[in-house]
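In structure tokens, the next block holds one chain alone, the form predicted alone.
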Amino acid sequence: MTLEEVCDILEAEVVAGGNLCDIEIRTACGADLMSDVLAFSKSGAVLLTGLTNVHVIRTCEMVELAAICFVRGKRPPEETVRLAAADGLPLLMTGLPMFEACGRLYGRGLRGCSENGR
């Protein structure tokens, strides 16, 4: 699934990295605990989270995630947007709650990180 398809499914706004909408998204991870992201996510995944600080960007860099989608209508601060843009990490924002956002992606065939082995 492409990032553009993820945007469409989640009715998301692209906050940063709009030129990267053709990248391939292999899995998804929904978490607000960055320790869970480090432990359970995989490179190439989109992270759905309600956290908008720069620590989310740093965590995603470590795991080599493909993109971040902020849920519940949360808009990241400018510092977070600048860091993601500098790193080439696309940022999305959706008004959907995390549960519904994850469910929509799952229903359209995108699997969670734990379903594809480690």
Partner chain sequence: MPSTRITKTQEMVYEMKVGEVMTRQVITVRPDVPMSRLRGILRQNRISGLPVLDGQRLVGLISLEDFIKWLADRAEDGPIRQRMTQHLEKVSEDDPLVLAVGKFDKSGLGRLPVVDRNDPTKLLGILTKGDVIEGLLKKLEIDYQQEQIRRHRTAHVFFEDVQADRTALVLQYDVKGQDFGQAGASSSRLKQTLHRLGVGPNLVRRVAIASFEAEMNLVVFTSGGTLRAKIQPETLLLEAADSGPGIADIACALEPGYSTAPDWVRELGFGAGMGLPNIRKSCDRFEIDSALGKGTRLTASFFVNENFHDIS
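Numbering follows the first chain given and starts at 1. Keep in mind that what you see is a predicted model, and the values were worked out from it rather than measured.
Note that the form predicted together with the partner chain isn't included here; everything after this is about it.
Among residues of the shown chain, His55 is one whose heavy atoms approach the partner chain to within 4.5 Å in the model of the complex. In the model of the complex, the partner chain sits within 4.5 Å of a heavy atom of Thr59. Residue contact check for Val81: none of its heavy atoms lie within 4.5 Å of the partner chain in the model of the complex. Proximity of Met34 to the partner chain in the model of the complex: non-hydrogen atoms within 4.5 Å are present. Shown here without the partner chain, the chain has Asp32, Leu33, Met34, Ser35, Asp36, Leu38, Ala39, Phe40, Ser41, Lys42, Ser43 in 25-44 lying with a heavy atom within 4.5 Å of that partner in the model of the complex.
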